[in-house]
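The chain below stands alone and is given as structure tokens, in the form predicted alone.
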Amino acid sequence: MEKIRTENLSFYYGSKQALSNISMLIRDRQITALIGPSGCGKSTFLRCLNRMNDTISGTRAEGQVLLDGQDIYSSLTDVVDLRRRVGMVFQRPNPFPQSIFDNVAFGPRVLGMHREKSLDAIVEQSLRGAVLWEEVRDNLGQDALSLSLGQQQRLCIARAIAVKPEVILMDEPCSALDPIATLEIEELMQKLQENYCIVIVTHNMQQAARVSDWTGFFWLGELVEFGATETIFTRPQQQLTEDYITGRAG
């Protein structure tokens, strides 16, 4: 089922064009990976999906990003609600300098979700969803910054899902982690896709091949090729895609 569709999406940092006419269909409850060399527009595209780029002065988007058929760049869009519906997990874990409990409870408190369901229940459910509950259940008052990097990243995922998003964007979520923590995040992503649409930017080709259902290959701000991950990695239609995947380009 379609969740997000971009139609001729272009994006500019001032006079510099970072994305050129990107059209892509992103399916619900599946994992879409974005690959390509550094500076090719992957992260810019990802941030277009919840208008995080709005925080950078002098930027502008052209074209459409449709979430459930509604253009998120419409003047009628509630950007705060958009970012609740389309959450984001960043490259380096960024827990708040607060307790584990308060990190997960932050969004629900701000949104008033605790009026319908207790914060204790929301926090436990979110930490269970991020496969972190059993590790921290007896230390919820512990400083979040004292956790290992892998645990911090799972805490950030718990914080993201606590506000009941529909889409989770992940910008190289494993780049700062060791192989064991990386595997834990990959396994978590595959568990989360049962309930969420997930879009991940990664430089790790093996990771994209392991975890994603669909893959888009970006090059110099353009979407060179998009398709089922198995097809992209075994039978790409574009020579540039094959050259990049095999290490001959990029």
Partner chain sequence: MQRSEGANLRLAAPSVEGGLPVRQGVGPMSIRSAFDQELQELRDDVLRMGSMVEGALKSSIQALKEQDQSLAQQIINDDDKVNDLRFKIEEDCLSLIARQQPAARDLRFIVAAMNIVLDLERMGDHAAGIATIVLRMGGQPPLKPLIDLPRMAQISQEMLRASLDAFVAEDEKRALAITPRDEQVDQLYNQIFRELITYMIEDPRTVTRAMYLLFCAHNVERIADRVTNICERVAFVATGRMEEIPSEPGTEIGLS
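Keep in mind that this is a model prediction, so the values were computed, not measured. Numbering follows the first chain given and starts at 1.
The discussion below concerns the form predicted together with its partner chain, not included here.
S.K.: Under a 4.5 angstroms heavy atom criterion, identify the one residue in D102, E166, E124, E172 near its partner chain in the predicted bound form.
M.R.: It is E172.
S.K.: The chain here is shown without its partner chain. Which stretch in 180-188, 64-72, 24-32, 41-49 comes within 4.5 angstroms of it in the predicted bound form, by heavy atom distance?
M.R.: Flagged stretch: 41-49.
S.K.: Wondering, does H203 line up within 4.5 Å of its partner chain in the predicted bound form on heavy atoms?
M.R.: H203: contacts its partner chain in the predicted bound form.
S.K.: Evaluate F233 for contact with its partner chain in the predicted bound form, applying a 4.5 angstroms cut-off between non-hydrogen atoms, and reply yes or no.
M.R.: Yes, F233 sits close enough to its partner chain in the predicted bound form that at least one of its heavy atoms falls within 4.5 Å.
S.K.: Wondering, does L220 line up within 4.5 Å of its partner chain in the predicted bound form on heavy atoms?
M.R.: L220: contacts its partner chain in the predicted bound form.
S.K.: Even though its partner chain is not shown here, does Q91 get within 4.5 Å of it in the predicted bound form, heavy atoms only?
M.R.: The answer is yes: Q91 has a heavy atom within 4.5 Å of its partner chain.
S.K.: Considering only 96-125, what residues come within 4.5 Å of its partner chain in the predicted bound form, judged by heavy atoms?
M.R.: The stretch 96-125, when checked against its partner chain in the predicted bound form, contributes no residue at the 4.5 Å heavy-atom cut-off.
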